[in-house]
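In structure tokens, the next block holds one chain alone, the form predicted alone.
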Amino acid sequence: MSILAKPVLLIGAGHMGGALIAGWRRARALEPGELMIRDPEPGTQALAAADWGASLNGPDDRLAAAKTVVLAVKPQAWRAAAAAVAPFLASDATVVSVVAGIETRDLSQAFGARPVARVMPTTAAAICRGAASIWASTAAARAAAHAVFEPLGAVVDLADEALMHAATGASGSAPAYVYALVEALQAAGVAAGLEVGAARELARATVIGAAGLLEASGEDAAELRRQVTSAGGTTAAALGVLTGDGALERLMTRTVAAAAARSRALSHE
């Protein structure tokens, strides 16, 4: 496991930044005095971290102590966030950005040519079950990103920065697809006659259990699907609708492509 250079400065503590705080605390990756947070409107996790002993919106002159800088603001706010802290950072600080669509070249320029790694994470980092796609132009920046995210779940290195757009569509945005599936499954259960509460509980438990078995078994998803699909049975009938003629695959391909296209567009806004 890569060694995390501390202190860590987290810029932005919204949904993703808050998930990182929760995950680091859960994994005991940081001591309270090793985390600095900058956010003009700190959320629950940031405030909890401050109570824990982390620095929240401290003075600018303390930013020079940061060895790893994690940028977790919205794409529209990243330039202002970078401009506010870059003049105070040490020359050897490494920047790890989780901002969707913003390229390394622009990030490095905004942070005074400091080394930069880009990461597309998921909010399950909060429970140390996240997925993080990483690209960096230097080994040192890549190691910094690994050190930040290895305690928080699975880490995958990308061969080219351009693949960050695909990773955004296939992973970074994908938890929302799963949640949408649970919503749709619940609604379908109600339409079939189940009470709302029962449909909700069954939909949640089924998806959570299926994901748990996928992890625990180590089997391919395709193999697990085959194991629960008897020829001529109810599951086969259902899959005939869901995946017949490649319907689901085409839908997911379009879904991922839409997210990737938006990621590309963000790099030009």
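Just count from 1 along the sequence shown to find any residue number. Quick caveat, the model's predicted, so the values are computed rather than measured.
The same protein has a further form, the form predicted together with a small molecule, not shown here; the description that follows concerns it.
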With the small molecule left out of view, which of M164, A126, V73, A136 would have a heavy atom within 4.5 Å of it in the predicted complex?
-> V73
From A100, A143, L89, A199: within 4.5 Å of the small molecule in the predicted complex by heavy atoms is A100
Per-stretch contact check against the small molecule in the predicted complex, the hit in 103-111, 151-159, 73-81, 187-195 (non-hydrogen atom, 4.5 angstroms) | 73-81
Check R25, E31 and A49: does every one of them have a heavy atom within 4.5 Å of the small molecule in the predicted complex?
-> no
Is G130 close to the small molecule in the predicted complex, meaning a heavy atom pair under 4.5 Å apart or at it?
-> no
Report whether the minimum heavy atom distance between A13 and the small molecule in the predicted complex is within 4.5 Å.
-> yes
Examine E41 and determine whether its closest non-hydrogen atom to the small molecule in the predicted complex is within 4.5 angstroms.
-> yes
Just to confirm, V95 within 4.5 Å of the small molecule in the predicted complex by heavy atoms?
-> no
